[in-house]
Ligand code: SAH
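Just the one chain here, the form predicted alone, laid out as structure tokens.
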Amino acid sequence: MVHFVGAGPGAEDLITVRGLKLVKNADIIIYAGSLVNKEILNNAKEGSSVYDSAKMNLDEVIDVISKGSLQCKDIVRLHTGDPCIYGAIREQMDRLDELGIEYDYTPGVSSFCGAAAALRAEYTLPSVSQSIIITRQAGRTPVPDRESIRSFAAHGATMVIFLSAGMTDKVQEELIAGGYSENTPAAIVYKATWPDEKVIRCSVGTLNKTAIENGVKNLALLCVGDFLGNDYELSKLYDKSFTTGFRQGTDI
């Protein structure tokens, strides 16, 4: 069996209980060495084989899995965060389907959740934003025109931008061109949940300058929106006058 496992955003204890159990039982572990916290590998059992996929191409990854599967090995493919976001797992699963190799998928805590924790923020505040846009700036990997940061910015929703810390000049330009004001709150969250985590608050208009001044070029999320401000309405969920399926509201 092959297990795709989300390792979490960075902190070694933010892998799920299920994911950690799979790591402990694995005969073979292929991990995304550029981002996965190597401390998690300390849980690997004695005699397991460990491969760093940062140094491998797709064919090499599949070759290790295929050979291990023929030997009835228990295999963990360990991705950073939750691999459903920029994890390149679809192409791996398709190849396993072609080879008739069975697999399952254990989700993980995404780095955008880790960033919210670092910011002590809630992305979906009543009267501010009820939507989260997760996207990236076009670079070597293109982004469809209909999904440009400029087009998304027109919504004024909460935005979390992955894989773009080295292009903050372009991101800032696109955000302003799309409709965010220069005064819109923003933040750069470097290595969320890692021991060297850093939170740098700024505004859309100072995003690029802030990144340069702090030497941030990668391993950071760019968070944008008025959810970082102080104005919002209280939720109806805990409003004493609001009736739910579990309690009767009262005007008293």
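None of the values given here were measured: they were computed from a predicted structure. From 1 onward, residues are counted along the sequence shown.
There is another form of this protein, the form predicted together with the named molecule, and it is not shown here; the text below is about that form.
- Three-residue candidate spot 162, 191 and 220; every residue lies within 4.5 angstroms of the named molecule in the predicted bound form by at least one non-hydrogen atom.
- In the predicted bound form, the named molecule stays beyond 4.5 Å of every heavy atom belonging to residue 89.
- At the 4.5 Å threshold, heavy atoms of residue 138 stay clear of the named molecule in the predicted bound form, well away from it.
- The closest non-hydrogen atom of residue 199 lies beyond 4.5 Å of the named molecule in the predicted bound form.
- With a 4.5 Å cutoff on heavy atoms, residue 35 counts as touching the named molecule in the predicted bound form.
- Heavy atoms within 4.5 Å of the named molecule in the predicted bound form map, among the stretches 105-113, 148-156, 174-182, 69-77, onto 105-113 alone.
- This chain lacks the partner; the member of 101, 85, 121, 128 within 4.5 angstroms of the named molecule in the predicted bound form by a non-hydrogen atom is 85.
- The single residue of 3-25 lying near the named molecule in the predicted bound form is 9, the criterion being any heavy atom within 4.5 Å.
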